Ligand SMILES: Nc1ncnc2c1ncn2[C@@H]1O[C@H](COP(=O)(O)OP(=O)(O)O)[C@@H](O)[C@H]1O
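Just the one chain here, the form predicted on its own, laid out as structure tokens.
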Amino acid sequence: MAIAEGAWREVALSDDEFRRIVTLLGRDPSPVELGMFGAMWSEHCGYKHSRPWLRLLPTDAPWVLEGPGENAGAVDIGDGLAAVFKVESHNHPSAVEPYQGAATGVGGIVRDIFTMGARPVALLDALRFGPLDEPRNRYLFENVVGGIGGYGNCLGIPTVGGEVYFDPSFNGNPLVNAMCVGVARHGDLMRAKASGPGNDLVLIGADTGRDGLHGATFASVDDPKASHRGVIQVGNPFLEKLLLEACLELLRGDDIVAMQDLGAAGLTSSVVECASRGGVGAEIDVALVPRRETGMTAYEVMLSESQERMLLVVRPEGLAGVRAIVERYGLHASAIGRVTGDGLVRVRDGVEVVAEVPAMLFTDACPTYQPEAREDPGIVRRRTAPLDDIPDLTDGDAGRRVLLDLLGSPNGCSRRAIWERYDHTIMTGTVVAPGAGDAAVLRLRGSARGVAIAIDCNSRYCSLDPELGARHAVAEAARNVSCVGGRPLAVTNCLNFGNPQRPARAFQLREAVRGLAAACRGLDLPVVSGNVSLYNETAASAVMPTPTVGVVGVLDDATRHATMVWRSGDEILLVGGDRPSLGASEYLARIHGRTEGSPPALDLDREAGVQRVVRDAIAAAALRTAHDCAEGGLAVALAELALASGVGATIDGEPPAGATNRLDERWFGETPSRILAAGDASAIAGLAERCRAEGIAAFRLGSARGDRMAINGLGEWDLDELRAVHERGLAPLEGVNGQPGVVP
């Protein structure tokens, strides 16, 4: 069948890319081939604009068991165990159908983990929305949270951590990043690498429908006005739970050669990627694919993104056994093809061959681009704007009001309204739960060890200086892991940016990856997995650049961990840090309405030292309380500790102020490499001595006591007063009972 003029643009291929396909094939592609190229050469699958920069990231370390290129990364955590983890985006679907978009994002990232042979043990999410006083943003927020909780809770996987941030740049463009962590024995890790010509290709799980058609290309174009409801996948978490258990049981045997999730681009990507990784070919017959809708074409079957499906490469002699296990879980296993030795991906529809292309053309021949990258002069002006016209806190009551405002703001308030929608105790492995510490901690069954997990990014920092902001994202996520006692091991990232074909967006992407690479090398953290989500913008604006960073660490003894809870009588020590700055701070944005100034400088050697001394003290059981100083500065961090503990504090010490010795810089300015530590007097004295020996700054701030918090020169508050504003910042979530409701 001839290709209609311009038909390639319907699958997000440019004219030049279509001509490249014709040259590679030596002929026009068939309609099915064109759709497959459109999916595999999309930004979502092909990483056309990011692949050149991703090569900068460090990926190797002695403890890395599996790096980028597989469904997820894996690192050695001791005792023969591996942590398997990855973060991915579901931004574009969530902007259209927030409940299903977020739910299927969770389902997809979970499949990436158990496809590797690991049992998923934890979920985290990183979310971005526009201001909640706008009805549509509130609708997106409530239903995204509902979708995450609805899917994860039904699967029986605890959602143990995450972060959320609000800014007008996310109007109409929510960011929904989901991270999953699993645990496996080293010898149980499975790769998605087809091998053995003659082995069967078996599809298990849900039947195939028309949902999700062109999902990969939808997430790879800048088309804010188009309606894309038809591309949104619909999830079934109960079926996924059956699929999960069936796959883990199958992988305990010897019949499975490879396993690949059907995610973006569905059957196309799973078949192509398995074949390409293994250097083999594959032949399938779409007529053998079980369907839940009649009249589906080969094109629709190949590009459907129906959820809860898995492709297996099975030894022929084991096919009957595989079917028996799958059917015991109420699922079906359909042999739809076989591995071949000719390197071709051949698609039949009965006797008709509808596609026949070398697998490597879909992957290795995908074009890459490095468009002009140029910083927006407006960003330069904002970053270098003088801040000497900001009035200091001279009014005697001003400091009191500022702290209450920051604690009650959407970016500073309690996230209880979110985490209470999630089951974080199921599986009984959660040691440090949401709100109790800077990172989640989970115990490992059969081992004394634990894993610590955090996810983070300061989008405002990245908007003003993407290279420095990305370095901060790595440092803060690692710092959060260290604050609970975890030794950071590796990074997964999700790069959320606007249209890379625009010079300012290309600059942000390039510089952010450079920043990630620099910080990961400086902190000895390999990047083992990740995802890229581009074209996050509307006609009005692009989102703030948000290179989300997830860090996984290990505790040799899970019982030796720290939380945010101090006890009455504890001494309070500020470990590390430099002079704080108002530039790019939450205080400047919230109180003065200005997103200006440069993010604070970051010394990676100092950062590593601060994390190490705190982590060592926790491991030695000499420190039980630690908390990172982040958005909002030192006063906000102290208030958070008091609220988490239910015990007030008298802060009579004076930490460093900025260069001008301002009160607002001292208490609300921001700078990295600062951790608040609390414990009995002897433990804190020992930690201060270790800091002095290591050349790390340490300042005694005061002690924990009573039911009030008093900060030297700033003000005094009842804990009940602080708690009231902190808890009401996000109103209780409503309308998230599994139905998306009325679209505002």
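Quantities reported herein were computed from a predicted structural model and do not represent experimental measurements. Numbers follow the displayed sequence, beginning with 1.
The same protein has a further form, the form predicted together with the named molecule, not shown here; the description that follows concerns it.
Considering the named molecule in the predicted complex, find the one stretch among 85 to 93, 622 to 630, 294 to 302, 314 to 322 with heavy atoms no farther than 4.5 Å from it. In short, 85 to 93.
Would you kindly say which of Leu495, Ile157, Met564, Leu361 lies with a heavy atom within 4.5 Å of the named molecule in the predicted complex? So the residue touching the named molecule in the predicted complex, by this definition, is Leu495.
Scan Glu640, Asp112, Asp200, Asp438 and let me know which has any heavy atom within 4.5 Å of the named molecule in the predicted complex. By the 4.5 Å criterion, the partner-contacting residue is Asp112.
Cys462, Pro599 and Glu665 all contacting the named molecule in the predicted complex, non-hydrogen atom within 4.5 Å: No residue of the spot touches the named molecule in the predicted complex.
Taking the shortest heavy atom distance, is Gly266 within 4.5 Å of the named molecule in the predicted complex? Contact with the named molecule, no.
Would you classify Val527 as touching the named molecule in the predicted complex, given a 4.5 Å non-hydrogen atom cut-off? Val527: contacts the named molecule in the predicted complex.
Leu57 within 4.5 Å of the named molecule in the predicted complex, heavy atoms: Residue-level check for Leu57: yes, a contact with the named molecule.
Would Cys274 sit within 4.5 Å of the named molecule in the predicted complex, counting heavy atoms only? It does not: once the named molecule is placed as it appears in the predicted complex, Cys274 has no heavy atom within 4.5 Å of it.
Partner contacts for 44 to 78, taking the named molecule in the predicted complex and a 4.5 Å heavy atom cut-off: Heavy-atom contacts to the named molecule in the predicted complex: His44, Tyr47, Leu54, Leu57, Pro68, Gly69, Glu70, Asn71.
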